[in-house]
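The chain below stands alone, shown as structure tokens; this is the form predicted on its own.
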Amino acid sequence: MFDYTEKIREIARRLLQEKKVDGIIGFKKGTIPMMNQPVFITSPDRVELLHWDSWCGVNLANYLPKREGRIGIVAKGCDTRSIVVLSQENQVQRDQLYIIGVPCRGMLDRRKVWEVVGSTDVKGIEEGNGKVRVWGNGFDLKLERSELLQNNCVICVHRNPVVFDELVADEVEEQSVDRYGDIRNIEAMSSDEKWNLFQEIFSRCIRCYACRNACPFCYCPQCFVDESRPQWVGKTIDRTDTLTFHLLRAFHMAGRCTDCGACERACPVGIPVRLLTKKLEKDVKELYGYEAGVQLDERPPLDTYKPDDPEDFIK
């Protein structure tokens, strides 16, 4: 993916010079290792800021809802699926976008790097031939790239953009993996075991709402947790309030989540938020044969009704 940077800059420069877009949403290199920053470029003179590597995990579709003008956006497979959902929900119009598609072999997880090296004080990192070299005070290690992938990237089955105007490189080979092994393990538990598991998982939550704010589909002007008339859920870190927030937010993602991993990436205490959204993804796929964000002209199952929809749950 390292040769993508020059191609992205080339496309961005051309689009801005020809005035086909008003701006480009992409990434610039971060000021510290493993942390690149979203950037909005409006001038051809600034395209050299644009950058791409394995630390561009943020879902840039989060910056699209209600944006006006003609926008170019650099987008991975999961980003483009999010764009499809946002288009279906009228948060952005497809014809106002120029999608610069980026075939992806997976983004890396800085927390996995910190865990392996035993330190957050990483001074530098570089990749090549399936290896990742990491160095800092007292260590200089060469690690397997495949062992440092974000969890959602490990089981990603849409590495290539599902919709685009231009690709920066040839498509990569898609994976054939079991996405729901961990979900089936939880489904096999007793009710008490499930309750205890999720009580333990979400006991760490500090109600910072980073998961909500990072999600491209949490664009409501006022979130249900901020409503006061009526008040749907308390603002405390009481277990009931915390679980209510996470469960309701997960149900809002049913048939919409593209498993971009933004929620888990943003969580400061490492909660596996995706366990809830993946369960609902699995149910929607099994009940309706639907994957979110794959077909632009296909309506989501919770947005439509068919006489032969599965109704066993109400019998």
Partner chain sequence: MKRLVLTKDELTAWVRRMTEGVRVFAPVAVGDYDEFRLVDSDQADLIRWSYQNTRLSPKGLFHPQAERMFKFSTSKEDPEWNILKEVPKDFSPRVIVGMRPCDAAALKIMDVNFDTPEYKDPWWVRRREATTIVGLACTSPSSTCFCTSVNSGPFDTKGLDVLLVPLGDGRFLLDVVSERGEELCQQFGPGGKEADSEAIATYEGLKKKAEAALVPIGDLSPLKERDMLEFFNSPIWDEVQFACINCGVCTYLCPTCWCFDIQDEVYESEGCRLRLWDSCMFPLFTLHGSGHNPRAEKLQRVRQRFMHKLKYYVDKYGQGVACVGCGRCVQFCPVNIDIREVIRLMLVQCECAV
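Positions refer to the first chain, counted from 1. All values reported here derive from a predicted model rather than from experimental measurement.
Another form, the form predicted in complex with its partner chain, is not on view; read the next lines as being about it.
- Between 75 to 83, 165 to 173, 152 to 160, 207 to 215, the stretch whose residues reach within 4.5 angstroms of its partner chain in the predicted complex through a non-hydrogen atom is 207 to 215.
- Scanning Asp140, Asp121, Glu144, Glu126 against its partner chain in the predicted complex with a 4.5 Å heavy atom cut-off leaves one residue, Asp121.
- Candidate site formed by Phe40, Arg67 and Asp241: every one of these residues places a non-hydrogen atom within 4.5 angstroms of its partner chain in the predicted complex.
- Under a 4.5 angstroms non-hydrogen atom cutoff, its partner chain in the predicted complex lacks Ile11 among its neighbouring residues.
- For the chain shown alone, Asp226 is a contact residue for its partner chain in the predicted complex, at least one non-hydrogen atom being within 4.5 angstroms.
- When contacts are judged by a 4.5 Å heavy atom cut-off, His51 does not count as touching its partner chain in the predicted complex.
- Although the partner is absent here, Thr236 is a contact residue: one of its heavy atoms lies within 4.5 angstroms of its partner chain in the predicted complex.
- Along 79 to 103, no residue reaches a heavy atom to within 4.5 Å of its partner chain in the predicted complex.
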